[in-house]
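Heads up, the chain below is alone and in the form predicted alone; it's given as structure tokens.
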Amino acid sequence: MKSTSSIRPWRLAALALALAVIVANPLINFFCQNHFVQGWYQSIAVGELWFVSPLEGLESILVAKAVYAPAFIGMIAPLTLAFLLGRVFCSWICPLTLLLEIVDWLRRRLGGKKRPSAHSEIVPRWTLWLVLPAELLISMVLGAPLFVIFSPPGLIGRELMMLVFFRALAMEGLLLLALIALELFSRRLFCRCLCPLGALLALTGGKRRLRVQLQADACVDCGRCAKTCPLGLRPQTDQAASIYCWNCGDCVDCCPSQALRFRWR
């Protein structure tokens, strides 16, 4: 029986809307002098509400060796979201994910070439758990919050701000091109193995309330879910319930027997 799920269009719409907010922000501030929305994904204020990326907030605390209460409070909402829903920022909000989805689409449209596998072991998956402590340690040694400077979601916001206000792009934007180039070798390599923010959100959402659950007796072991998963997981062996899953729902959509479904625990 073919699945009637249609999660992917909603996810792509959420990604597009999230990027639209960041694109509109500098334009509105520049042309209308309206500061209702300020900042980008690292730290964004909507009216009186302030949301701070958990990793950037943690970096700032460790580097400054002090807790700035408003920033700490601003971290609560993103951490709560990750605790309940897992790493959904990465799959439903992060602008880098949308850019990589566009790369996938262009590859299919222009060349029809087979996309690189997400099961590639160019970089081991467990590297994800090394980059987080390494990034925090290096930031403390240097006395500078590295991910605040080089965060891909933050870079996209800053590049847009630079373009609107100064008609120029920063050199750090080349990092985005490098991450897109990685897609030529292994699908979502940065997201799977190298993103410290993804590691922190995965740890926070390790006991998440929303999970993709496998109904083993309904599974026909067709392997479609494993081919579809952007993180190289094998949902047919219940890996979608692991800490690595980012709840994108692609495996749920492609399952012909509806053996995979979101379940609220």
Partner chain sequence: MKRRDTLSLILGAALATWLAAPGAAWATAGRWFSPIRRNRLRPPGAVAEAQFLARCIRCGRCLEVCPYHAIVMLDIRHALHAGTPLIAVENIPCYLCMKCVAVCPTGSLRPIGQKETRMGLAVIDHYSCLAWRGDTLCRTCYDKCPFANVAIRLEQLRPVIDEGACVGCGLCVNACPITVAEDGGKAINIEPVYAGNAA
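The model shown is predicted, which means the values in this text are computed figures rather than measured ones. Residue numbers count along the first chain shown, from 1.
Missing here is the form predicted in complex with the partner chain; even so, the following discussion is about that form.
Engineer: Select, from the options 210 to 218, 54 to 62, 224 to 232, 195 to 203, the stretch whose residues sit within 4.5 angstroms of the partner chain in the predicted bound form by heavy atom distance.
Structural biologist: Going by heavy atoms within 4.5 Å, the stretch is 54 to 62.
Engineer: In the predicted bound form, which of the listed residues (71, 84, 123, 180) lies with a heavy atom within 4.5 Å of the partner chain?
Structural biologist: Contact residue from the list: 71.
Engineer: Can you work out which of 76, 162, 99, 134 has a heavy atom no more than 4.5 Å from the partner chain in the predicted bound form?
Structural biologist: It is 162.
Engineer: Does any part of residue 111 reach within 4.5 Å of the partner chain in the predicted bound form? Heavy atoms only, please.
Structural biologist: Residue 111: no, not in contact with the partner chain in the predicted bound form.
Engineer: Considering non-hydrogen atoms and a 4.5 Å limit, does the partner chain approach residue 145 in the predicted bound form?
Structural biologist: So residue 145 counts as contacting the partner chain.
Engineer: Is residue 104 close to the partner chain in the predicted bound form, meaning a heavy atom pair under 4.5 Å apart or at it?
Structural biologist: Heavy-atom contact with the partner chain at 4.5 Å: absent for residue 104.
Engineer: Within 4.5 Å, heavy atoms only: does residue 158 come near the partner chain in the predicted bound form?
Structural biologist: Although the partner chain is absent here, residue 158 would touch it in the predicted bound form, with heavy atoms inside 4.5 Å.
Engineer: Heavy atom within 4.5 Å of the partner chain in the predicted bound form: which residues of 161 to 188 meet that condition, in order?
Structural biologist: In sequence order, 161, 162, 165, 166, 170, 171, 172 come within 4.5 Å of the partner.
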